[in-house]
Structure formats: C-alpha cells, structure tokens
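Before any questions on how it binds or moves, here is one chain, the form predicted on its own, in structure tokens.
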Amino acid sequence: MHGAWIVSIGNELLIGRVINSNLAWLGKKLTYLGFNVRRGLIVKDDCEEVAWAFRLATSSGAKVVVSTGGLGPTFDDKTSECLSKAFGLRYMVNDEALHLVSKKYSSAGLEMNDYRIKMAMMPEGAKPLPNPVGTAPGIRLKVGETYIFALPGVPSEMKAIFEEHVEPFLKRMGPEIEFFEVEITSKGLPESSIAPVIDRVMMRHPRVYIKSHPSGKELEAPVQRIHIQLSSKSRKEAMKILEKVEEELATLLREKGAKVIRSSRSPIH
C-alpha cells in the first residue's frame, strides 16, 4: 500500500486559533482511496520548518504528500517558495498559473499587482491546479518518486481543488484497492472489557483492523462505537470477510453481556 503524508502549514494551527479540520478530511479521503496515511505534521510559517517537512516526507519514502496552507498573497504565505528551496528548484512565475490568477482578478475588474503575481510563483516544473473557489492555484510537483500536492488552507478551496484535480489523479496512479468499513455499537461494557475480545478477533483475522471509540460514561453507562476496517481489491471478498468478522465480534460481545447494535452494515469506501 502506498504511503501518504499530510503537512499542515500555519502559525494559526499551532496557537489554537484555527482547528485543523483539513487534516481529518484529507486523512479520510486518502485512506478511502487506498493510501496508507503514515504521518501528519503541523509546522509554522517558517521556510526552514516547511522545507524540512517536505524533505522528511520524501526521504521517508512517501508516495504522496499533501500540504495545506501558505499559498496566498500575504507575507507569511511561503509554502511555494519553501517548497522550491527544499529541493533546490528555481522559484519563478509559472505562466499557466499567472493566466489562471490574472483571469480571476480581471473578471472582478481588478488589475494584477506584486501580491497577486506572488500566487502564480511556483517551483520550476510545477503544475498549477485551478482553484474553482478562490484565487490561489494549488501546486502539483513530482520529486523523485514522490508526488507533492500543495493546496490552500481555506477548507472550501482545499476541498474543491482536491476533489476536482487531486482525487482523479490519485485514482489513476494509486493502488487498485478500496477501503471498506462497517460499524457496530456495543452498550453495557467498558472499553477495557471489550479490548480482549477485539484482540482475539484481530488475531484470527490479521487483514482486518478493529478500533473502538468510547462514549457515554465509561463505568456507569458505557457505549463503544466499534469500526471494522479492511482494504481489498475485491468488494465481494471484502463484504464476505467483514460480515464474518462482524458476526463473530457481535457474538463474543453478547456472550460477555453487551447489547450490540448494528449501526452500519454498508461499507464506506
């Protein structure tokens, strides 16, 4: 399974001013596309930090790196420049990106200036990704065997570029597998009581990953949402395995006195 890293860039994330919802959204998207999300990094708007994160990801063998933040016109938007420095590439105006940016501002009756031209500056060899929501294009760059996608930090812009331009690309180059998941809910047993049951089932089915998420009052009215996850090339095979594991887990939990509810029998992929 191809490894993927997510790099979140922005001081606002580190000081708690902005919640990093982009990381969760991208992690889910990449996982469902069949990628193994191995690491998520958050770094401040500092060239040394940003360049370090990109170099670390590529040197660690990531097939895909997706970054968010730092592509706008302000002084602290440094991602494109730092990406260039990270790999010794010329930082230059990308003609295609310049066309995209100038077209946006022209349609609003605004002229180009240095701050707007900045959003068209990219590492040499980069491919701009049109932004259907905002003005700053995303960036696609291949470094060795790694594809790097730099996206805006604004969630609506990031999601739009990812779904229109990154996701189709990853589907073409990515692993020919899908991610499947079913969920059951266990009531009446604390997480420490169901942990050995989960371990037992996972030992019998090493391809399956089972994770419990507690809610409610753990020692008074415990509720455990349990996700059963599997990656497979075959939907038919995945459904057969998931149904078997789901039934086995539910049976063992009932034997321990839990009430089991099948919250979702349809795989999410």
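Please read these numbers as outputs of a predicted model, since none were measured by experiment. Note that residue numbering begins at 1 and tracks the sequence as displayed.
If you look for the form predicted together with a further copy of the same chain, you will not find it shown, but the lines that follow are about it.
| message | So if I measure heavy atom distances to a further copy of the same chain in the predicted bound form, which of the stretches 221-229, 34-42, 65-73, 234-242 falls within 4.5 Å? | response | Stretch 34-42 is the one.
| field | Within 4.5 Å of a further copy of the same chain in the predicted bound form, all of S215, E248 and K256 (non-hydrogen atom) | value | Not one of the three qualifies.
| said: With the partner left out here, check for me: in the predicted bound form, does some heavy atom of L56 sit within 4.5 Å of a further copy of the same chain? | reply: L56 belongs to the contact set for a further copy of the same chain.
| 4.5 Å heavy atom contact, L14 to a further copy of the same chain in the predicted bound form | L14: contacts a further copy of the same chain in the predicted bound form.
| query | Is there a heavy atom of V260 no more than 4.5 Å from a heavy atom of a further copy of the same chain in the predicted bound form? | reply | Because no heavy atom of V260 falls inside 4.5 Å of a further copy of the same chain in the predicted bound form, the answer is no.
| request: Decide whether G61 counts as a contact residue for a further copy of the same chain in the predicted bound form under a heavy atom distance cut-off of 4.5 Å. | output: So G61 does not count as contacting a further copy of the same chain.
| If we check a further copy of the same chain in the predicted bound form, which of the residues in 121-137 reach within 4.5 angstroms of it by a non-hydrogen atom? | Contacting residues: none.
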